[in-house]
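Take a look at this one chain, the form predicted on its own, written out in structure tokens.
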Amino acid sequence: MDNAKTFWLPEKASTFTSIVDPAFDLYLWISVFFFGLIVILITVFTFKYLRRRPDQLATAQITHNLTLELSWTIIPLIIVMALFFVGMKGFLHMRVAPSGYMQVNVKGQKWSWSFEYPAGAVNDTLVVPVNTPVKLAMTSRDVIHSFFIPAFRAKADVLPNRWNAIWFQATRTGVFPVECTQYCGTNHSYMWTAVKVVEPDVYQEWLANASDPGKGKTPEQFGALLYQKRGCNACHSIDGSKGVGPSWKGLYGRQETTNMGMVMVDEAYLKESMMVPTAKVVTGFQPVMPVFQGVLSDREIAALMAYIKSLK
């Protein structure tokens, strides 16, 4: 199978491409054919029925043609019904995962993705084995997002307070981009990640290590890892530059002005800001941080605090 991308479509890396690509080509070329036909007929009729005498009536040359009227009604109807059948068949196939699939829970938030595996691993990149059906159960922690893997032809909206699902089966190893296609705020364009497709034995080895990401790491090192994997880097810089939220550089021990007055940034304030972000919002920033209550474990909270303390 030719996996290369074309002028119209990206590269091919899942079983869905054999369904989506022919349907896309069918819709495209039918549209091109009728667009060309209509333009040609408009041009021909414009010259053929051009008003040539001042006393010529506009309706004098128009007559009834039952055959023609039935043709331009029945033929488009048959074409539309055929296209509907092709689209519905593909849609149903892409929405119902086959037996034996592995499931990964996906959570979207402004502006990052989090992938949770049954064994307890959490990652900011989706890692899956090749030639294995994978079902994604997806929800959002804030606003509407849309999860799209162009090379897999897989796409679904991700909604707050609701679970949505898609599935796919990658046909070759590699790294393939994931994009959010629903405008979700200031940094929407940076809400991207990737699917890493690996051999089954490589996946099992990765899963074993990812299930305990803090193993062998100091709290500061584990916190630095969580800073990336939990999407903290989407809003908080570590170099002092202003982002959607306050920079973490030199944050611990600093006095901050909030909507509730002056506060000292200590462990109690940091934990409260993670669990209830709207409790005390630093002046100059919007209350857009998602709630991490029930998302971060005590160990992860402690690691993030240790990392913040280390950023002098």
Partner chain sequence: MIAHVHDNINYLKTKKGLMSWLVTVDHKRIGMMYLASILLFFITGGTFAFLFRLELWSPLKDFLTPDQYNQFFTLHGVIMVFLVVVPGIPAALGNFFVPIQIGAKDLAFPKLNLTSLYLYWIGAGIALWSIVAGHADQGWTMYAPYSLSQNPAVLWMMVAAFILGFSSILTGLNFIVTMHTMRAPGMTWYRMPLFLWAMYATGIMQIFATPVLAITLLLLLMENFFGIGIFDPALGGDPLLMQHFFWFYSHPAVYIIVVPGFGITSEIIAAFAKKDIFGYRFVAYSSVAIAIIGFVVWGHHMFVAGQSELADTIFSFLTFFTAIPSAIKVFNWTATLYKGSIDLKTPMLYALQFLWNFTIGGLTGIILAILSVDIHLHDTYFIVSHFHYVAMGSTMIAFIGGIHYWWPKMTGKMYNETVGKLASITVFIGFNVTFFVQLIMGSLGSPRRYYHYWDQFQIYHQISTVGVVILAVGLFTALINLIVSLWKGATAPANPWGAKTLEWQTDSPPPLYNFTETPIVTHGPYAFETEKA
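Rigid core: the largest C-alpha set superposing within 1.5 Å between the two forms. Positions refer to the first chain, counted from 1. The shown structure was predicted, so the numbers you read here are calculated from the model rather than taken from an experiment.
What comes next is about the form predicted together with its partner chain, which is not displayed.
Its partner chain in the predicted bound form comes within 4.5 Å of no heavy atom belonging to K312. Remark: W192 counts among the residues lining its partner chain in the predicted bound form, judged by a heavy atom distance of 4.5 Å or less.
Its partner chain in the predicted bound form comes within 4.5 Å of a heavy atom belonging to P150. Contact annotation: H188 falls within 4.5 Å of its partner chain in the predicted bound form, judged by heavy atom distances.
For the options T278, Q255, T46, T283, the residue carrying a heavy atom within 4.5 angstroms of its partner chain in the predicted bound form is T46.
I38 is the sole member of A268, I38, M264, M260 with a non-hydrogen atom within 4.5 Å of its partner chain in the predicted bound form. Checking 224-232, 175-183, 122-130, 207-215 against its partner chain in the predicted bound form, the stretch whose residues place heavy atoms within 4.5 Å of it is 175-183. Annotation for 89-105: interface residues with its partner chain in the predicted bound form are G90, F91, L92, M94, R95 [heavy atom within 4.5 Å].
With the core superposed, F285 shows a C-alpha displacement below 2 Å between this form and the one not shown.
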